[in-house]
Ligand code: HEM
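Coming up is one lone chain in structure tokens, specifically the form predicted on its own.
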Amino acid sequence: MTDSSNPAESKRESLISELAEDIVQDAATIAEPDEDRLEQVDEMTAEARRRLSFEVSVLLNEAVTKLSPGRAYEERKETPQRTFQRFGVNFRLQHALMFVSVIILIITGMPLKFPELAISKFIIIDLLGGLQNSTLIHRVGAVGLIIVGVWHLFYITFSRDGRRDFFLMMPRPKDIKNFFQTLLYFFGRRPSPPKFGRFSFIEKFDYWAVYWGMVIMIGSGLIMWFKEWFPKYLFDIGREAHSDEGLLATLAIVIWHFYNVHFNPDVFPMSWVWWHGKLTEDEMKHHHPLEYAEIMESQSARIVEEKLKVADTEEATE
């Protein structure tokens, strides 16, 4: 429903509706669908209208931001893209300590799970100088992981950014919908992937897999480290849990996480956001369009508010 008091907005809505109908009608002409498919025309037209409205809203907010006084916009090839701060220094330091600790734990832990392999013997004996040294280094990595776990708990409890991101990381029904929409897109049954906000379901999976893995690994590791404090049956359970969860975590990091942050064609050879915490405007539009739209809307609203304050001040002085 359009706002009749705003002729420009009414005109845009009318043009969007007309363009959506034209797109679906042209598609029907090209595809020559049967009667069952024709029943979906209204649904597809509504979907086209929603997507066009979203893109128009983003472009409008961008235009307001770039055309406002003091915000002159030059051609992208002459002016570097704007960047958006995604992660602060606190979070980046947590991540750095975690990946250093995890790499140490993998290098010193996996050979103990597969001691018969030649590479395991090379790492433990030739590279690290024996089992005693390997165990000591492994515990150094474990202390690093424990520090990260405690640090992150304080971060999501006492930091405003930490609390915001923690609640945004909570799984929601929309994530299930986005998962299946992504599958449909990969199989060519959907023209475009779903749009994500600050965190996609992939990032949420990464986060909660690490969160759960840290609870298992730290808990079982402490039982093994201080085994004289626990009954033997609990030590045996902890040893098996530590071994299997360690292998699962290694596979998840090497296969799942490394692909998303290193080998994915969108970021190859590496996404540097872990280092500087920033995304370019194109990256924001591509990976987090809903968050980008919120930022643009917030900026344009702030500019309008500033203009209204200036106008009110000028009227008062007159």
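Each residue number is its position in the shown sequence, starting from 1. For clarity, every value in this text was computed on a predicted model and none was experimentally measured.
FYI, the form predicted in complex with protoporphyrin IX containing FE isn't displayed, but the following is about it.
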**Prompt:** Among 214-222, 196-204, 116-124, 175-183, which stretch has residues whose heavy atoms lie within 4.5 Å of protoporphyrin IX containing FE in the predicted bound form?
**Reply:** 214-222
**Prompt:** Which of 94, 243, 159, 83 has a heavy atom within 4.5 Å of protoporphyrin IX containing FE in the predicted bound form?
**Reply:** 243
**Fill in**
Exactly one of 53, 250, 45, 271 comes within 4.5 Å of protoporphyrin IX containing FE in the predicted bound form through a heavy atom, and that residue is 250
**Asked** Using 4.5 Å between non-hydrogen atoms, is residue 190 touching protoporphyrin IX containing FE in the predicted bound form?
**Response** no
**Message:** Please determine whether residue 90 contacts protoporphyrin IX containing FE in the predicted bound form, using a 4.5 Å cut-off between heavy atoms.
**Reply:** no
**Prompt:** residue 210: heavy atom within 4.5 Å of protoporphyrin IX containing FE in the predicted bound form?
**Reply:** no
**Asked** Would residue 145 count as a contact of protoporphyrin IX containing FE in the predicted bound form, using a 4.5 angstroms cut-off between non-hydrogen atoms?
**Response** yes
**Prompt:** For the spot marked by 109, 112 and 139, is every residue within 4.5 Å of protoporphyrin IX containing FE in the predicted bound form through some heavy atom?
**Reply:** yes
**Request:** Any residue of 280-296 with a heavy atom within 4.5 Å of protoporphyrin IX containing FE in the predicted bound form counts; write them all down in order.
**Result:** none
